[in-house]
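We begin with a single chain expressed as structure tokens, specifically the form predicted on its own.
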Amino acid sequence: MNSAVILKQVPDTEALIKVKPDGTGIVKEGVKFVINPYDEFGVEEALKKKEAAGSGEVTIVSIGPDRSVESIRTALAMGADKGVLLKIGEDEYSDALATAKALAEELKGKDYKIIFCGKQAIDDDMAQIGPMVAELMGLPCVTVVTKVDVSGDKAVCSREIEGGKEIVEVALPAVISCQKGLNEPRYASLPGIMKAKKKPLDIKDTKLDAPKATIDKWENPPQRAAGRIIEGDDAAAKAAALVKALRQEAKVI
């Protein structure tokens, strides 16, 4: 079964993110970049479906600067067969629509039964790329999926909804965005890392459409106020003082 995985490289969740003094972006020097964690679920699910079918290819498609090659190679080391990088400049900004258009242009016309992606990227949390790519390609889309069963030209997906889960049957090809709980992504083995160096990776210079949405300024969140300890030996009085502070000062009750 042939499938594709849309992959984004994002700052490591443990990285210390600093905003540039002029508010035009984040300081990228010294920051470690990794595969978007939700996209890892997509890579793993594509590999599992290929293994279950006994044939097929998994193609990784990413859009980003030169450093994105490292994350594509990581996915290849996990077991994917080939990669495509739609290369843009390090500081080139694209909104979700421009990004989705470039990805859809690359993906269309290929024999992919499923296009997997993460439910959202952890850097901007927009959760728009999967549905936009599906719409531009004229394909059905199922989001926040935690289980996928493929049978012939159909897939039955379990997806998270508020207060429960929803079972959706969808005709293939389709776009499926992956949620935590779908699987447990494998680690790249040493033989896999060695093989990944020889797997095909096509790098294409890409010109994006002008963004229709722009970011005016980046700002750090406001600093949290220092905590306050209510002193005293009388537990009842301390409790009363705490309730009063929560109601009148913090205004949370």
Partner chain sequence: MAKEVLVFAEQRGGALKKVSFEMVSTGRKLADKVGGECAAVLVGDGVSGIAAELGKYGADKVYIVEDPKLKDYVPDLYAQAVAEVAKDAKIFIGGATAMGKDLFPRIAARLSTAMASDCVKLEAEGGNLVAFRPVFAGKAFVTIKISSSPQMATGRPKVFPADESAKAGAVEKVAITLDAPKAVLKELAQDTSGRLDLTEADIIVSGGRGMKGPENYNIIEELVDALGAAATVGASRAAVDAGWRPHSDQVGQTGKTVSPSLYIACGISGAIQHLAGMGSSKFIVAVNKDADAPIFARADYGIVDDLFKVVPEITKEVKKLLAE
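Treat the numbers as computed from the prediction; the structure is a model and nothing was measured. Residue numbers count along the first chain shown, from 1. Just so we're on the same page, rigid core means the largest C-alpha set that superposes within 1.5 Å between forms.
One more form of this protein exists, namely the form predicted in complex with the partner chain; it is left out here, but the text below deals with it.
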Of the options Leu107, Cys141, Val150, Ile88, which one has a non-hydrogen atom that comes within 4.5 Å of the partner chain in the predicted bound form?
Cys141
Decide whether Asp205 counts as a contact residue for the partner chain in the predicted bound form under a heavy atom distance cut-off of 4.5 Å.
no
Verify the contact flag for Pro211: yes if a non-hydrogen atom of it lies within 4.5 Å of a non-hydrogen atom of the partner chain in the predicted bound form, no if not.
yes
Can you check whether Glu166 is within 4.5 Å of the partner chain in the predicted bound form, heavy atom basis?
yes
With the partner left out here, check for me: in the predicted bound form, does some heavy atom of Lys82 sit within 4.5 Å of the partner chain?
no
Quick one: which residues from 5-28 get a non-hydrogen atom within 4.5 Å of the partner chain in the predicted bound form?
Pro11, Asp12, Thr13, Glu14, Ala15, Leu16, Ile17, Val19, Ile26
Once everything's superposed on the core, is Lys244 shifted 2 Å or more at the Cα between this form and the one not shown?
yes
